[in-house]
Ligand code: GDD
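Take a look at this single chain in structure tokens; it is the form predicted on its own.
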Amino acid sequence: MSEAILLVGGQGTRLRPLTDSTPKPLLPLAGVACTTHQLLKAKAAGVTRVVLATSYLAEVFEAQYGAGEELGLELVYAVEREPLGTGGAIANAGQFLKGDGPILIFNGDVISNHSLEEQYRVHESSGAVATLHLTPVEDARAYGCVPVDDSGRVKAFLEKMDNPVTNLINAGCYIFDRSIIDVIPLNAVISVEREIFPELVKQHVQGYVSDDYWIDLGTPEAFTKASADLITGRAYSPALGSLNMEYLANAAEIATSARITGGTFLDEGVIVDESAYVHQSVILADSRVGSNAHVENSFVGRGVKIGSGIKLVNVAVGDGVEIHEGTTVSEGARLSA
């Protein structure tokens, strides 16, 4: 397994305003772009060449990563002029593959501790045409579920339902035989989940079930949680190693009476004033948290000014926003300039 396709074309509409100018996969987790975490995980598993399937703000990825030299990978870019869905994106990226061996395919909005090496071993030993990472969740009603038999073979792909037959869901990481990719039609909008997987079940799709740490980065709250989990050590990334910290500060200026807890990340140029409290949050470069402010489970963009006494809980704040003293901000608000 030396080649991979990383699906990073989504617009991240549920993450606005954070994604107005930055693609979702390039938002930082513990100070490192989500895509970097994923690329280095793939590299650690033996991948040497990655095709990035891009669409929204596609040019930003190549500007950041180039040909991949700094990461020790060969990176190429498959750009969708119009969004093609997950299956269409895989077909489009498949044109840039070189080898004929199994291909790792993974979504750009997931962080997982599961073993890619073990998933590959399961794929090789099972004789399946595709092997999916499946993870158990407490409540599968928000997801389609994936029942398997006693040998781990996938029996079906089921849509969202009120009473799921299993708590196993598709975790967004696949190993496909190259032949599967080559028969997906080009330049067509196709869903791998709804159109391709149900057909592959008629052949042999294997499930690799793992209850390791896994999170879908679909919301600002999920991003702040994943960032905090990396800092506090619940999640692991080759980009950071194993951390175990209350917070991670990149040259931030923190008043001695301020409290920073819960795996908070403070970027370069951040100022936290007297008696402010910041918990499990991400605050990007050159922002300021005023005295006695309370910031909890929130993602704060660049150059933001949070006035004295302001309370933010589960809030996403876009770049350049000023929240003046005395302003009431509703829990879960999305603030843009």
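Don't overthink the numbering: it's just position in the shown sequence, from 1. Only the largest set of C-alpha atoms that superpose within 1.5 Å between the two forms is called the rigid core. As the structure is a computational prediction, the values presented were derived from the model and not from experiment.
Absent from the display: the form predicted in complex with this ligand. The rest refers to it.
This ligand in the predicted bound form is approached by Glu80, whose closest heavy atom lies within 4.5 angstroms of it. This ligand in the predicted bound form comes within 4.5 Å of a heavy atom belonging to Gly108.
The closest heavy atom approach of Tyr213 to this ligand in the predicted bound form falls outside 4.5 Å. Residue contact with this ligand in the predicted bound form: Ala4 places no heavy atom within 4.5 Å of it. Note on the partner interface in the predicted bound form: the residue among Ala128, Ala226, Leu84, Leu116 having a heavy atom within 4.5 angstroms of this ligand is Leu84. Here is the short version: of Val300, Val289, Leu29, Ala53, the single residue with a heavy atom within 4.5 Å of this ligand in the predicted bound form is Ala53. You can rule out all but one of 203 to 211, 231 to 239, 250 to 258, 170 to 178: in the predicted bound form, only 170 to 178 has residues with a heavy atom within 4.5 Å of this ligand. Scanning 178 to 200 for heavy atoms within 4.5 Å of this ligand in the predicted bound form gives just one residue, Glu193.
In a rigid-core overlay of the protein, Ala142 has its C-alpha displaced by at least 2 Å between the shown form and the other one.
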